[in-house]
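First, one chain by itself in structure tokens, the form predicted alone.
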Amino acid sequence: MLPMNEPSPTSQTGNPCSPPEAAEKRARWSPYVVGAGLGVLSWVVFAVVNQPLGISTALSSASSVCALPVMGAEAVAKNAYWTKHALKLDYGMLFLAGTFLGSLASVLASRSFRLEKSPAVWRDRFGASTAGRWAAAFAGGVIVMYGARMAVGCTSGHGISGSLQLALSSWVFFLTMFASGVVAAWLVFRRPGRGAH
């Protein structure tokens, strides 16, 4: 019996002799197809609901439900942000749910779905501590959402919708996001000892 983080070689490829890389490539969509699909989706969303693609506003509105046990209903109701962005079933909330369901459908269709407490790339660099991985993921999520709300847009709102409309603020966000992502990936996942020579 294989550990949860180590899927069977036949579970993704159907061929025990196929290299793992082949399964990984089949589990990924072509970036050109995805880019074209996002462009078409943007047209449809603008035509139907006259709003840009965006998810961070809906996500932060949905967080009010998580705040209820901690802050209480009265405090949440008086919160200035949640008063302005009240939780409601609208396009943004449907887009949020659709993002999750679409991702789930994609991973199931590619037969690459598996439950894992910590990705292999994280375990190789930081060890197998599940608590450490989840704490880092939570902290990263808080920072990303705070930045998205401060920038009044996220990777979908600015990075897709704003940049395709040639908004200067969105291009500044987009380029800064990629540059900071490259730097963060280098700092976090670089191999120990590299660059010493």
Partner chain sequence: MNLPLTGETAIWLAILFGMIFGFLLHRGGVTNYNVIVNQFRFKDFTVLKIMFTAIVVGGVGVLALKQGGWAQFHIKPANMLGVTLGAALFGVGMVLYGYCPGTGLAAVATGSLHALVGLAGMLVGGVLYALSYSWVEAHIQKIGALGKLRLPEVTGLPDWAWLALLAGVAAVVFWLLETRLRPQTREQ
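In this text, the rigid core denotes the largest set of C-alpha atoms whose superposition between the two forms falls within 1.5 Å. Only a predicted model underlies this, so the values are computations on that prediction, with no experimental measurement involved. Numbering follows the first chain given and starts at 1.
Omitted from view is the form predicted in complex with the partner chain, to which the following refers.
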item	value
Any non-hydrogen atom of residue 31 within 4.5 angstroms of the partner chain in the model of the complex	yes
Proximity of residue 94 to the partner chain in the model of the complex, heavy atoms at 4.5 Å	yes
Residue 66, heavy atom within 4.5 angstroms of the partner chain in the model of the complex	yes
Any non-hydrogen atom of residue 73 within 4.5 angstroms of the partner chain in the model of the complex	no
Sequence-ordered list of residues in 151-178 near the partner chain in the model of the complex, where near means a heavy atom within 4.5 Å	151, 152, 153, 154, 155, 156, 157, 158, 159, 160, 163, 164, 165, 166, 167, 168, 169, 171, 172, 173, 174, 176, 177, 178
Rigid core superposition, residue 141 Cα moves 2 angstroms or more between the shown form and the other one	no
Large Cα shift (2 Å or above) at residue 131 between the shown form and the other one, core-fitted	yes
